[in-house]
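So this first bit is one chain, no partners, the form predicted alone, shown in structure tokens.
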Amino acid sequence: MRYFASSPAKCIMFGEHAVVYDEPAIVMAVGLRAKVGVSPRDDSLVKISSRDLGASAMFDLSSGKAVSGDQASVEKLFPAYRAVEETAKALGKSRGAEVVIESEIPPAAGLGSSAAVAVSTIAAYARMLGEELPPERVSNIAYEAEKVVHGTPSGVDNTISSIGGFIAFRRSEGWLRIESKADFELVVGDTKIERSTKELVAKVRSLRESFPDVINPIIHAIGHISIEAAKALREGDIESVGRLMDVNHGALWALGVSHEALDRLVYAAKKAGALGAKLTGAGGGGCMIALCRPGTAEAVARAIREAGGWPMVAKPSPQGVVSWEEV
């Protein structure tokens, strides 16, 4: 018997970095998914492999240490192992397993790749142990596993990968679904520049500690942008949503988390007719997003490609994590 789970990527439309400081963010699940297959072993070893990363390593649940695999593979796959470890801890039982990861989500691009893999791993491994966990519990376990990747994660990545759809998220209050009247298309432009979310979050924290009277108002303003954007989305006012995206990008640039490649794609998208464009995720590389009127996404995607990016037209994913088993 093999046990499977898949979960969607995330796209932060508004509020990245500020969400770490309990400001609201607006997040949508998109139809790029991470799939994980798990099969049981008769020992305490967890073998994890990822075809996309070209990595394979083995860990021992009894010691919590890697027992095989080169250093690069161990580092890439340790977050998935932590997802297994946290699941075993939460359920109070464990068993060795073979874990195979297949993901459509580009890593280190701001689309929540690590969280989607963690969520899928947890759901599949729990099912192997005889537990079909509700999405909210999968999310809570994934949050603990994500700490090894991001240090102080906001919780938004594991939340959206678990529940899917389109949400407003605040760390101290949780999430609520947004019912939007807005009709739009979203283009994701990947710079293919990898970066560390953990390092960028720490960079903003350091800047805030050095200049609190300057940085705190910027962070608070980003939170207000999210609130205004939620109103505009509910009312179907996509022009205002686009303008707010532009303001949000400027605020993130001021926090030092943009990148010349991101700015180049943002400006190219705007020139091609996008209503608004901004980086998404931690910044420093990774991806940007462009808001488009229906029927204009292909022209914007072409402009992003010509500017050196790798565009994807993103469709919302109403479905969060799902799990199943096969003989």
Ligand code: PMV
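Here the structure is a predicted model, which means the values were calculated and not measured. In this text, residue numbers run from 1 along the sequence as written.
The form predicted in complex with this ligand is left out here; the points below concern that form.
Region of this chain that lies against this ligand in the model of the complex, out of 47 to 55, 279 to 287, 261 to 269, 27 to 35 [heavy atom, 4.5 Å]: Looking at the partner contacts, the answer comes out as 279 to 287.
field: Listed residue that, although this ligand is not shown, lies within 4.5 Å of it in the model of the complex (heavy atoms), from R82, R170, R95, R195
entry: Going through each option in turn, the one that passes is R195.
message: I'd like to check something about V201: if you look in the model of the complex, is any of its heavy atoms closer than or equal to 4.5 Å to a heavy atom of this ligand?
response: Contact check for V201: yes, within 4.5 Å of this ligand in the model of the complex.
- prompt: Would A307 count as a contact of this ligand in the model of the complex, using a 4.5 angstroms cut-off between non-hydrogen atoms?
  reply: Because no heavy atom of A307 falls inside 4.5 Å of this ligand in the model of the complex, the answer is no.
- request: Report yes if any heavy atom of G189 sits within 4.5 Å of a heavy atom of this ligand in the model of the complex; otherwise report no.
  value: G189 lies outside the contact set for this ligand.
field: this ligand contact at V19 in the model of the complex, heavy atom, 4.5 Å
entry: Because a heavy atom of V19 falls inside 4.5 Å of this ligand in the model of the complex, the answer is yes.
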